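Let's start with one chain on its own, the form predicted alone, as structure tokens.
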Amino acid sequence: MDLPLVARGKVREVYDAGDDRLLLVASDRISAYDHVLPTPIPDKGRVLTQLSVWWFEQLTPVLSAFGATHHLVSATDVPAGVAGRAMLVRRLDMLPVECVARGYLSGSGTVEYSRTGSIRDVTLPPGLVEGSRLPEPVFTPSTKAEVGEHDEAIDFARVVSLVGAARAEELRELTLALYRRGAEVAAGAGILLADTKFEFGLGADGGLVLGDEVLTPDSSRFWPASSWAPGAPQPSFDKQYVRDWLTSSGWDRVSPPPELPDDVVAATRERYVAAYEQLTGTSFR
């Protein structure tokens, strides 16, 4: 591709498409524990892109109610060589906060809750276990880490210090509204949206814009509703399967990660495709 490369992340390349637009190209790379693994997952980039495009449409009414928009310009007006895994988007001034919403207790949230009874400054009721549904969805933001670094969970006061009080409140309210809409849509497809993260930026007019990917297996925990059973890790449609294999492999999370076996690659691809097909109700092509 002849476009200038702007940035290369764990999963995506970002190119300058001119006219204040960027081309986001999703690869088949997969990351876990802040490492990019050496083994790609076939079709993963296409699933992430096509599912994001679908979700942007589902979430537009919520964004409009807040006077916000999303960054997607086109998923078809892209170079032929990256068709299906690229989005033409508006260039944004990205805000330095990952906006995480949780409707269930899982992962790092469970670890912190077991120690403190809360997730940062969000106090939760006693007696919750891994997989418990929370009384109400909660906003548990983090900083946006560079490649190879860890995201850092932060409290709401830190968000205020980063973006200002009014913008912080807007981010919290919009994040939770988007989560609720996503959870509603997913529930209709027999899927629980345990948690997810959104990223926002400012457009040229200073308005709030939803960017990056949206409600994909990379940015969210999706659980089959039929098998939900609090008290243990849940079966999932996301990359938790890869994390579990890495843990069982004995990898120390410091040295270069191992290659994934063929059966793990195939099973992971199957989960990504299943998430797309079950959520959208359409066959993945």
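All residue numbers refer to positions in the sequence shown, first residue = 1. What we label the rigid core is the largest C-alpha set whose atoms superpose within 1.5 Å from one form to the other. Small disclaimer: the values here were computed from a predicted structure and weren't measured.
Not on display, but discussed next: the form predicted in complex with a small molecule.
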Val89, Leu178, Val214, Val97 - the one with a heavy atom within 4.5 Å of the small molecule in the predicted complex: Val89
Position in contact with the small molecule when the complex is considered in the predicted complex, options Val14, Val265, Val273, Ala17, heavy atoms within 4.5 Å: Val14
Candidate stretches 22-30, 255-263, 238-246, 40-48 - the one whose heavy atoms come within 4.5 Å of the small molecule in the predicted complex: 22-30
The small molecule contact in the predicted complex: Ala7, any heavy atom under 4.5 Å: yes
Close approach of Arg85 to the small molecule in the predicted complex, 4.5 Å, heavy atom: no
Lys197, heavy atom within 4.5 angstroms of the small molecule in the predicted complex: no
Contact label in the predicted complex: Arg102 to the small molecule, heavy atom within 4.5 Å: no
CA of Arg29, rigid core aligned, shift of 2 Å or more between the shown form and the other one: yes
